[in-house]
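Here's a solo chain for you in structure tokens, the form predicted alone.
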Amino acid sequence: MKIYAINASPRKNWNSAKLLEGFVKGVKEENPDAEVEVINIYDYDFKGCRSCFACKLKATPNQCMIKDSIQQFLIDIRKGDGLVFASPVYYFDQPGYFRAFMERLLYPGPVKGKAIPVTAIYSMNATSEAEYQEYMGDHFKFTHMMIQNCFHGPLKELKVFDSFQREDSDAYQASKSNHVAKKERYEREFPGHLENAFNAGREMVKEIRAIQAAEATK
């Protein structure tokens, strides 16, 4: 069982990375033999889709042909058994660098012959589900639809609100934020978010097992 875990944040030790780590711990709790490869995308130099259509050629179907530092990841992820990504929300969207990665991953078209469950974890400044819906609504609906169209499996979403972004927040301009209140909420609630990510990791293992069992009976 191989699961790919993508950290879509430029930070390797903050909210997204911690949530991803919690997810991976859940995977390992449920299946110690599972292989999990963590990809910090900001470690790699790449650009988005070039619209070259090489992935649509009959000779090289469903494979990004741009030879750069992420090409092999794009091939391997589509051969894996599960995918999870943890992403901050910048300006009401996924970071541009991550969207460039997803362009390259999704545009070659649907994975052939298997279903791959996906978990999407978002960390954001919106303080609640109600505020998220007010400003963003179903903003990720189309992106998630494209992901499911590519990987065929179930997609689960976890949202973490009112992100505490920096220990030294008082040094930065953020007039709408109460740094003390944000930190207190973070310390109170983030352990629960880590537990949710842990449980999501366990659930993905169960989903993969169910998919593999169903495939074995065909």
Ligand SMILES: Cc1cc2nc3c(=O)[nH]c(=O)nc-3n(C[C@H](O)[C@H](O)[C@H](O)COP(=O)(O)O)c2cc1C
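Each residue number is its position in the shown sequence, starting from 1. Treat the numbers as computed from the prediction; the structure is a model and nothing was measured.
Although not depicted, the form predicted in complex with the named molecule is the subject of the following passage.
*Contact between residue 90 and the named molecule in the predicted complex at 4.5 Å, heavy atoms?*
Result yes; residue 90 sits at the interface with the named molecule in the predicted complex.
*Does the named molecule come within 4.5 Å of any heavy atom of residue 124 in the predicted complex?*
Answer yes; at least one heavy atom of residue 124 falls within 4.5 Å of the named molecule in the predicted complex.
*Hey, in the predicted complex, does residue 40 get a heavy atom within 4.5 angstroms of the named molecule?*
No, residue 40 sits far enough from the named molecule in the predicted complex that none of its heavy atoms falls within 4.5 Å.
*Give a yes or no for residue 163: in the predicted complex, does one of its heavy atoms lie within 4.5 Å of a heavy atom belonging to the named molecule?*
Yes, residue 163 lies within 4.5 Å of the named molecule in the predicted complex.
*Specify the contacting stretch among 98-106, 72-80, 142-150, 124-132, defined as having any heavy atom within 4.5 Å of the named molecule in the predicted complex.*
In short, 124-132.
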